[in-house]
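Here you get one chain, nothing else, as structure tokens; it is the form predicted alone.
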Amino acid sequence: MIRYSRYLMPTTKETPSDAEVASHRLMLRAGLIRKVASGIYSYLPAGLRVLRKVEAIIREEMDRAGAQEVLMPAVIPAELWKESGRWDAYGKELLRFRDRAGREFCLGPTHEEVITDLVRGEVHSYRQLPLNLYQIQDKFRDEIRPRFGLMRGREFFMKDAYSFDADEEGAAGTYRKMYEAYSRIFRRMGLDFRAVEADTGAIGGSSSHEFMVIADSGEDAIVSCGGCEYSANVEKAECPPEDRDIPSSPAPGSPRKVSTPGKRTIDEVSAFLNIAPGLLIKTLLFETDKGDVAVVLSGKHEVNETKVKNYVGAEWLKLAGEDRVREITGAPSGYTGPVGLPVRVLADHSVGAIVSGATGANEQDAHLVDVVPGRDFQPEAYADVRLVEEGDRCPRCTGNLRSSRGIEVGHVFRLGTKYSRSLSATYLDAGGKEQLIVMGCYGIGVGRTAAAAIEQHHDQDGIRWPISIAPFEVCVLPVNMKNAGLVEEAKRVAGELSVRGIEALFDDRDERPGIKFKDADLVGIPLRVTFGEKNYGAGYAEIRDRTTGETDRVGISAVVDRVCAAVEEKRKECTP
């Protein structure tokens, strides 16, 4: 039993001006965190209790999956990052500094290099594999725009695990095992989530899944099929080829140039030419480290830059600026087209569905009509390079895709030999031949998961924690601290609950009942036991469920048993 009067949990009525999302507002108002600097927070006792509960669930499931806990340094020497090639590639989010001897270091945003260095020094035989190591540790990423409290901070707690297998088959088995462990972790936290196919990004590797908590405030757009299990981040979501758009008249003999003065956008051109946006062949020019590339797609779709970057195999990609567009096409942007374009041309599948369309003429105030893809221009390939849209056909079945928003709380990667090759992490197989270790990595944002739980579980009065990660399970609340008998009875109940393994907060503050009620709702304690003077005089107390708002009037002698039963029922709801 913890006494509220002696506990540092300073609640506030005011909504912080810089708090944009519910979790940030409520964590500050409920006295869980306090801001130190942009994207950097202190965790107060109740906030730390939540984090420790999240960590405990993660540890239990990681240990159950056969992983072993280690702890690596937050400060990493530059040599390791240079050896992997990420010192320059990672970008400005990597906080670099020098020690007093002038040696370069960074604050670790992730630990692939450190763990690979550890394993290459200790693992030498196939008999030592497979191996799965994890840590729960402080990370730092120098975000250009930290926001949303713990959702996008610069300093944060993260569980990162790294697996080491002898071959791809073993690595695939470990990946499945970790996927299942993550599913159990988030189910135990009472979260509604989806595991979606995702791009591997800066971590690299052959494939990955993001674990997304479904919430309207989520930064990530995801799609899922109503007819099968398919789910994906929009950056990764596949778009199957479209049916060809057969015109009523036969294909024309050759393209015709038409004047389109001042018409540059899809809407302007389609309206001027009186054709559907889907019959416009939109052309976008990109600069990459692999050279310039033009991407053409139907005017009704938007380009997916991640897909283009991956197809080209580029380290970086950016939309060409006005000067570069003029240099390549001889015209301002808005009039670019693939016919006669002197750069490589990559076409989306949607272009293959256009039998006869219109496109820019690479000349100011002019477009070409009656353009036939494959005849008037020949792309180097047709590929999936567009963003998926609500209602698109599922790439796995005949169903249609639905859009939703999600908060990424976990990510699992199949790394292959990306890091073991660059850092020479090898082992000797049964025949004595040297082989590269096959790796995977698996991350969970600890604080981010807690914040995501709030985004999914809150109302106008405050947080509604799932009981498995709530700072307390029960709040025992006497309404009048001057009534000695009432207070003593409430204290006895709180004490008995604690003895029976229930995490109880005893609100012994000399405050008005309304303040106590509001604070209990704000902090989000799942159950509240109220000792009011009228009910107490009649031998009763009230048990209120924070999630449903339901209140039961229970005889004082039965309160402890009823609360224990209610807690047990809520715990079962968070059992995978």
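It should be emphasised that the depicted structure is a prediction, and the values quoted were computed from it without experimental measurement. A residue's number is simply how far along the shown sequence it sits, counting from 1.
Although it is not shown, the form predicted together with a small molecule is what the next lines describe.
- When you look in the predicted bound form, the only residue of 113, 392, 408, 455 with a non-hydrogen atom within 4.5 Å of the small molecule is 408.
- Checking 445, 299, 338, 373 for any heavy atom within 4.5 Å of the small molecule in the predicted bound form turns up a single hit: 445.
- Per the 4.5 Å heavy atom criterion, the small molecule in the predicted bound form is contacted by stretch 152-160, the sole one of 302-310, 120-128, 152-160, 430-438.
- Of the heavy atoms in residue 143, some are within 4.5 Å of the small molecule in the predicted bound form.
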